[in-house]
Every structure is written in structure tokens, then in C-alpha cells.
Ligand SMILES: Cc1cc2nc3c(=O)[nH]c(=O)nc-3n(C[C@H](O)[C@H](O)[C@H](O)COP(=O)(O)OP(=O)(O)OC[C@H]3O[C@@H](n4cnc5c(N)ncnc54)[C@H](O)[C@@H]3O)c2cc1C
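Read the single chain below, which is given as C-alpha cells and is the form predicted alone.
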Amino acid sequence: MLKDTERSAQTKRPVVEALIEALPEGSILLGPDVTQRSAGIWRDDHLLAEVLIRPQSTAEMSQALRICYDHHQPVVPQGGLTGLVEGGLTRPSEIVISTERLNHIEEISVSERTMVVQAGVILQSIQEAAAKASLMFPLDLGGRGSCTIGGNLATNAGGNRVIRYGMARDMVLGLEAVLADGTIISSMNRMIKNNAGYDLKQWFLGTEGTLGVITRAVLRCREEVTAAPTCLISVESFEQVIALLKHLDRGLSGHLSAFEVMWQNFYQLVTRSSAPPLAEEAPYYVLIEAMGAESAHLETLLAQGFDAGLIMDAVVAQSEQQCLDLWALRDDVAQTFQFGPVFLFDVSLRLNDMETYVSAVNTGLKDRFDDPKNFTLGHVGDGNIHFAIAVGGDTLEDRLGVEAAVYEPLIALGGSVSAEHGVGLEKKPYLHFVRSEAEIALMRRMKQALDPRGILNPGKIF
């Protein structure tokens, strides 16, 4: 609890006084109750903001933002703080507006295969609620147990099943958001087809809370999939990785739901403490999931892959636990932290450019650092590569050198500095690498139109 003197210091700010007066008790946290909170996943620092608002409804969110707008008060929207591009970082002068108490699943329609949720619901809770209704919500990523759906939508999250189901924006039918001035935009459409004018939800999907704060959504679920054959394959060359993707995607007739690739150094790292499911000498390891396919059909396709020389070796999971064990290898990025400070990246580019690009990144790292380690993996089936890079330090000079090695080769290839994590503060200096002056100018005009006082997540993206 705050001491009276501490509370007095906080509430001397007119905007804080107005918020405390307008919102229900318990809606406002001050001082240490805020600054002792973590600044985000895999971070050692804490929030710098000293005021945090916790609305319990869209109406309260509207009221809070209207007060902040009237006082020209910058606000930083936050969900589960699992973002990886510093999109939720704060300054002392800013106020956090959290969706943590907007945490209810309001409705599930089994016949329409939709779910109405508030923005603060944890992704895993949505997955589990869908499963109880014999449905499935396809979005899936490593932070499922702590990330919120509002954050997933605000960053247009990708994850493991993009190759079949698309990004987060492809799983949303309707949306409710609050603009900077408190205006509520309730576009809670429940239809798959609705071409009546602009699709307003797209203004808030993937825009990182800079145009409005998402409060509720209508999610598109799918019918439950009871079988998901999973296997791990070792491959001798990246050319064969590409050919294997084509072979399996065609043969599985739409059932390929994940095509995850681990480069040799990452696979060797995550299997170091246990018996590896496949020998460790292969350059590439591909994790395959085929939701809705028959296991026998997948095994037939693997046999054909062996005959065609696309596969060195393979292991097919024989139980749900073995499936989980294979996925645990792919998700174990935290193993890279043993090498000291690690810089994490997610980029996207055309499949045919990937081998050349990864080689260029490694060359750039070796030119700049004595003993760099670049653990490489990714959702290669949808053009996404992740790097976990350790160079022995984490100074600003180190960061700039690593970023140059990773981002500069993307310019000539027409790739993107962000595949699925957003821009935030971390990638802001490199937006012009992948967006034209005209595109950035239009983004700024959108920002000015919806947030003319610039209070929503200021300084992020631009």
C-alpha cells in the first residue's frame, strides 16, 4: 500500500485526480504497485510509469481515455507483456492502461463457430474454451499461457499454424475498440462476409495500440480437429527443405498445419540434455504437423520423400506426449540464454532467398564479432525466420552491429524486419528499410486522424 505522502504526490497530477474521481475503486494503481511490475517477458527491468488504469468494461476504458485525452496525457496500452519489440515499454510521465480485468469469455456459438471475448483473456483460455465446445481456435504460439488476445490482435500475431489458418487478423470477424478521445467503435460483426464499406477492424489489428485500444472481439473458431499427426524429419540441404514443403503440402491436400525448421546448431542445443529423436549431423530438421490428416497417409508421403531423396531420416510421434515432446524442442528458445545476452529477431522473406540470406547474416556477424552464435529456426512454411544471436555483450554498439547484420541484407531481397512481432521501439529505426516514404506518410496520416494529440503508445512504430 502507498504511504499517504506517496499517494499525495501521485494524486497532485490533475489527470490522476480526475481518473480516481471518475473510475470505480480499485481501478487505479499507483507508485510501487506499478513500478514493481516487470517490463515484459525475458526482461529484468520494471515499468517506469507510476500510474496504471485497469478498466473492467469498454465504458470504463472509454471514460479513462477521454480523461487522458482531455489532459493531453500519454498512455501505453498493455496486455500480457509478452511482446518482443519493446511495444509496451513506458516512461515515468506515461500512464499504463491495462486490459488485465477485461478477462471474460462472453459467448460461444457452437453452430456459428464464433466466440465473443474481452481483450484481456489469455490465449490458452480461449483455446481450452473452444475445445470444451468441440471447436478449435487455431492461433497458437509459445506464449499461449500468458499472452492476451488483445495483444495478439494488436500485434497481428502469427505463430505455428499460419501456413494453414493465417495470421491473427484472419481469425477475427468483429472488433470493438476505443479511440484516443474515448469514442467507442463497436464493429462486432459476426458474419464471414460483410463488404459494406470499410473494414474498420483492420485499423486496429496489427497497429500496436497506436490508433485505438481493443476491448472486445468476435473470433472465428473452426471445427475441432481430433487427429494431428506429427513428425520430425532431418534434411540434407535447404533445396530439399523447399522441395519437401511442396511435396507435403500437395500430398496432404490442405491438412499441412505446421512446417517448422530448425537449423543444426539450434537442434543440437535443445537436444543436448536428452536423447535426440534423430541423429544430430543433419543441416536441417523439419517439424511437421498435419491437422485432420490420417497418420498412415502422412507415413506414405514420408516414404515417398525417402524414395525421392528428400529425407535423411524421420520419426513419427506415436502418442500425444511424443507430439508435445517434439514441439517442446522447437519452443525451447530459452536454451540460447545460457550464452549470455541474446538478441532475438523475427524476419520474413521469400522462401527461395532464405538460404542466401541466412548465409549473409552469418557472414555479417563474423565480420563484426569474434565468436558470434546465431541459433536459427522459424516458421519457414510461411516465410518466417527467427534468430537468437549471442555475441558476448549487449552494449548499444553490440546491438547496432547485430541489427545491421540482420536487417541490411533484407533491403535487396525485399524482406521485412518484422514477420509477426510488430515494430514497437526496437524495429522503429528500420521501418524505412521495408516501407516506402509514401507508405510511412500514409501511416502517419492515419495516426493523425485517429489520435490527433498523439497520446496512444507514443513513440512506437514511427
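What you see is a predicted model; the values in this text were computed from it and never measured. From 1 onward, residues are counted along the sequence shown.
Beyond what is shown, the protein has a form predicted together with this ligand; the following relates to that form.
The shortest heavy atom separation between residue 217 and this ligand in the predicted bound form exceeds 4.5 Å. In the predicted bound form, this ligand sits within 4.5 Å of a heavy atom belonging to residue 41. In the predicted bound form, none of the heavy atoms of residue 381 sits within 4.5 Å of a heavy atom of this ligand.
In the predicted bound form, this ligand sits within 4.5 Å of a heavy atom belonging to residue 84. Comment: this ligand is not present in this chain, but in the predicted bound form one of 99, 73, 257, 90 has a heavy atom within 4.5 Å of it, namely 99.
Proximity to this ligand in the predicted bound form, defined as a heavy atom within 4.5 Å, holds among 251, 142, 305, 283 only for 142. With this ligand omitted here, the record of contacts in the predicted bound form names 148 to 156 of 232 to 240, 351 to 359, 148 to 156, 126 to 134, defined by a heavy atom within 4.5 Å. Residues 212, 213, 214 are the members of 210 to 247 with a non-hydrogen atom no more than 4.5 angstroms from this ligand in the predicted bound form.
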